[in-house]
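Only one chain comes next, encoded as structure tokens, the form predicted on its own.
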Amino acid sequence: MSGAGFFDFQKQMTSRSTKPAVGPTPAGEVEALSVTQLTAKIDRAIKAGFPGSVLVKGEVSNYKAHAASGHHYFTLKDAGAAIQCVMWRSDAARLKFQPSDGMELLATGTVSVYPQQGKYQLYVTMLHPLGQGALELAFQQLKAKLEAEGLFDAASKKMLPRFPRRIVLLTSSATAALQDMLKVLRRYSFLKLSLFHVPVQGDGSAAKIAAAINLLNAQSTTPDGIDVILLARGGGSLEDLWEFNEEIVARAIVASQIPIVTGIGHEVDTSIADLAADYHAHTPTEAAQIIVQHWKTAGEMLDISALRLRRGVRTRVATAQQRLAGVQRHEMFRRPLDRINQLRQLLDDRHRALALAVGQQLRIDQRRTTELGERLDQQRPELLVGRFRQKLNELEKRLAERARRGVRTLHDRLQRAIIRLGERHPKHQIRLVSQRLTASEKELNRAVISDLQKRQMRLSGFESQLRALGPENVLSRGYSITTMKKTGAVVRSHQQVKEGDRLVTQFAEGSAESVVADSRQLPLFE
């Protein structure tokens, strides 16, 4: 290209772009690649330059899980660069913790090109947190989540029965934890022990443990229900005990109507199941001892209760005997006829008092009856009719006299009204109003004519002043007005114009156009 010019290079590029897309390629020219072919070559080059699996360290951002497909999408970045990452649903299901923005992670996967968007991506198969184990991080995340929901609150935990008889051992039949619990529980032959075998380690064990708890709760509704469930297993690493850190097990324990005691691992081990249980024992042996702790002292407590019962019975019998002796010594039981004679005398006294009260009330009623009879005689119908007739006659006379006086009064008022009406006949009022209207009309005409004359005089004065100040008068004295033809602005200074501007000069009669010329330059042909 160094020996050719720009136009030669442009001609060469133009000839390449106009070359047919399909057909034989002339010798010395490169065949054009499609976008798909170019992307495929880039993909093969990237895969050839990288091993089958790479380990990448970076900070997570924009982490999200697709709701429909279940695939996870996020970005790994550091101070200098970023790369898009994809984790398929099958790989994401194996995660023990929940990644979030800001975490420092180690990602294991392969680098490949996403052809539809033309970008390279890291297809992640495994994720591990930096500085903290994945299982430990998952444990802390789940613990914080369930604690925020109140699943570990002490107020929601169920009370353990003091003397349980029907106990279910929820564990594996092949664990040493079962033998440890049986060593404690077999000392009490009256206990009804049941073993519910479940796997306590390995994938899927958590779901089986939760299903076993739900099944036992469904069966406890029978009369021979379950008093308590003992969920236990022996010690192990965090990975071995992980099934007891699953959310499904914790929720099944909290939802259980049967009290659950856990004895999982060693004393230093604490699982999510332990936190959700109604009682957390540090070992399977301790869990069995907690369940039967009250049975150890049951015999002593029974002896103490029997002693208290005997003492109570003796006390109550002695008290009853004292009360019976007191009753026997009472006067009523020694001479019962005296009480009967007293009651007989009291009955006679009450009879006499009742007879006196009835006689007194009878006399009062007779006196009231006599008074009512006298009042009734005074209110006989013929007497009442006579009194009403007399009152009616008096009222009739008074009404007739009042009517005569009213007629005379109305007649006098009517005569006076006729006289006043004649004095105030409408024709007199009309005459007076007509005179007043005529006078007002004349006065109004004079006022209008006077005001009109004053306004005409003021208008004439304004017209004279306006004509004296108008531009026509100034122009008639020899002056002119120059304006810019393009803008119409008045030219007041030579600085407003430049050479070549067209001006319009207005005179008193007519106008003229001109062009600005620079007087400092000589004409071209002068």
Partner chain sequence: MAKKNQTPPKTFEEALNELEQILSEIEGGEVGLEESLLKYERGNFLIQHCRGVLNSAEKQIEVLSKSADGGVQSVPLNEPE
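Bear in mind the structure is a predicted one, so any value in this text is a computation, not a measurement. Numbering follows the first chain given and starts at 1.
Just so you know, the form predicted together with the partner chain exists too; it's not on screen, but the next bit is about it.
The partner is not drawn, yet in the predicted bound form one stretch among 249-257, 306-314, 451-459, 431-439 has residues with heavy atoms inside 4.5 Å of the partner chain: 306-314. Taking the partner from elsewhere, no residue among Lys77, Trp88 and Met126 has a non-hydrogen atom within 4.5 angstroms of the partner chain in the predicted bound form. For Gln219, a non-hydrogen atom is located within 4.5 Å of the partner chain in the predicted bound form, even though that partner is not displayed. Interface membership of Lys145, defined by any non-hydrogen atom within 4.5 Å of the partner chain in the predicted bound form, is ruled out. Looking at Arg344, you'd find every heavy atom of it more than 4.5 angstroms from the partner chain in the predicted bound form. In the predicted bound form, the partner chain sits within 4.5 Å of a heavy atom of Ser189. Shown without its partner, this chain lists Phe196, Trp242, Phe97, Phe152 as candidates; in the predicted bound form, only Phe196 has a non-hydrogen atom within 4.5 angstroms of the partner chain. Taking Val168, Ala232, Ala210, Leu105 one by one, only a single residue has any non-hydrogen atom within 4.5 Å of the partner chain in the predicted bound form, and it is Val168.
Taking the partner chain as it sits in the predicted bound form, the stretch 283-305 comes within 4.5 angstroms of it through a non-hydrogen atom at Trp295, Ala298, Gly299, Met301, Leu302, Asp303, Ser305.
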